[in-house]
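A single chain comes next, written as structure tokens; it is the form predicted on its own.
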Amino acid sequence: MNQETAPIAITMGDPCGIGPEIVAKTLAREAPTSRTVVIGSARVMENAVRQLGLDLGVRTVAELGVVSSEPGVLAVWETSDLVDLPFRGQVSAAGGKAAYDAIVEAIKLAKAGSVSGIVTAPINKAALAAAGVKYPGHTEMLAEFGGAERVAMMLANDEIRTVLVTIHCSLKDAIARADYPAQMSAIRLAHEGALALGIDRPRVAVAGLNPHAGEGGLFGQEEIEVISPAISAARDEGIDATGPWPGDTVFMQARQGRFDVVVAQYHDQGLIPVKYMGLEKGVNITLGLPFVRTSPDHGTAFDIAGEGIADAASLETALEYAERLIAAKRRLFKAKDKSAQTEEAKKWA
């Protein structure tokens, strides 16, 4: 399928959480700006639409080429074999499997070029485990099935962006995994991700691992032995990387405009500053994949699932970011294609 016409895939998320609800709310907007298709269960989506009282029809599609941006229509690419709807607000093996199946299918479609990108609704790690799924989260699945050598998680809102060196693991394991190759990969992906978001000359700040960025070796050697050498190597590659900066002040400086993106060493170091500023505008972007993937910056919220009060703002923002990144990718491909044609023409001039 032509990437110019391929729809954006939105996975339904865990059917026991707020995923189907916020997907339905997002796609019930009066003037959709992109063609979208929900990957998951039509039955789950019909139930969400009915309980929310939305003026939205649910239609199963067998061909992605027929998906349109018609207002009032929610297109579903069926991936689920759910017989009974699982109870909302509860960890369910059936819900975990349904969420997993939708993600795997969305990745398959994205790799084939049948969809232009993926926006994922929240999943539940306990439900995945109950279903026998070995992956703790989206990022690990995307890395495994997405065909990328290395991926990184970027969390972004209107004021700050952060890329993680390590993600879903214990703090002890994070220290061990934050080695030189991991530093280099995160710094490079942070630079590339900022470029994709339209920042011409990204200023990449690298946070330290230890308090006060090690205080010259008093509180640890990782900054001296691992992080600083990676920053120097990145600068040799032309990346405007600086640091290591103390983790307790680097995000404040980024918010004040000194840096465009912060490389954080572990999960909570990077996510707490973004989430503290509000979940409604936070977006998760997976860098390093051959396709665009974004998601809202919150979980399944089992405590309010089915009550109709879940805020869809973060998913709406994730869709907006996906549209922005897909457009940038298309412009890049067109520029490369035009350059290649020019070079070929010179051979025959």
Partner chain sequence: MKPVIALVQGDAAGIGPELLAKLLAHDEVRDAANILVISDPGVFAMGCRTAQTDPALHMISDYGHADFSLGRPNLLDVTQCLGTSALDLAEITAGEVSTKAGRTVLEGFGLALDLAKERQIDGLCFLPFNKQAMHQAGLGTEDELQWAKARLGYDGRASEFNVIDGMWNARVTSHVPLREVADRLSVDGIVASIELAHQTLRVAGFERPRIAVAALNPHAGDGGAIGREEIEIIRPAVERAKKQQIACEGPFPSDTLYIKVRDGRYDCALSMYHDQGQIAIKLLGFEMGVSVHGGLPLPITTPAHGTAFDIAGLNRANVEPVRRAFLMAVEMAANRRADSA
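All of these numbers come straight from a predicted model, not from anything done at the bench. Residue numbers count along the first chain shown, from 1.
Beyond the structure shown, there is the form predicted in complex with its partner chain, which is absent from this document and is the topic of what follows.
> If you check in the predicted bound form, is G96 within 4.5 Å of its partner chain, heavy atoms only?
The answer is no: G96 has no heavy atom within 4.5 Å of its partner chain.
> Whether E237 contacts its partner chain in the predicted bound form should be assessed with a 4.5 Å heavy atom distance threshold; does it?
Close contact is absent here: in the predicted bound form, E237 is far from its partner chain, nothing within 4.5 Å, heavy atoms only.
> Though only this chain appears here, would A112 touch its partner chain in the predicted bound form if you measure heavy atom gaps against 4.5 Å?
Result no; A112 lies far from its partner chain in the predicted bound form.
> I'd like to check something about P211: if you look in the predicted bound form, is any of its heavy atoms closer than or equal to 4.5 Å to a heavy atom of its partner chain?
Yes, contact at 4.5 Å.
> What stretch, of 164-172, 87-95, 127-135, 183-191, brings heavy atoms to within 4.5 Å of its partner chain in the predicted bound form?
After filtering at 4.5 Å, what remains is 164-172.
> Of the residues V73, I272, A196, A143, which one places a heavy atom within 4.5 Å of its partner chain in the predicted bound form?
Checked against the cut-off, the match is I272.
> Note which of M277, V151, I224, V104 lies within 4.5 Å of its partner chain in the predicted bound form, where distance is taken over heavy atoms; exactly one does.
Looking at the other structure, the residue within range turns out to be M277.
> What residues, if any, in 219-255 have a non-hydrogen atom within 4.5 angstroms of its partner chain in the predicted bound form?
Those in contact are F219, G220, E222, G247, D248, T249, F251, M252, R255.
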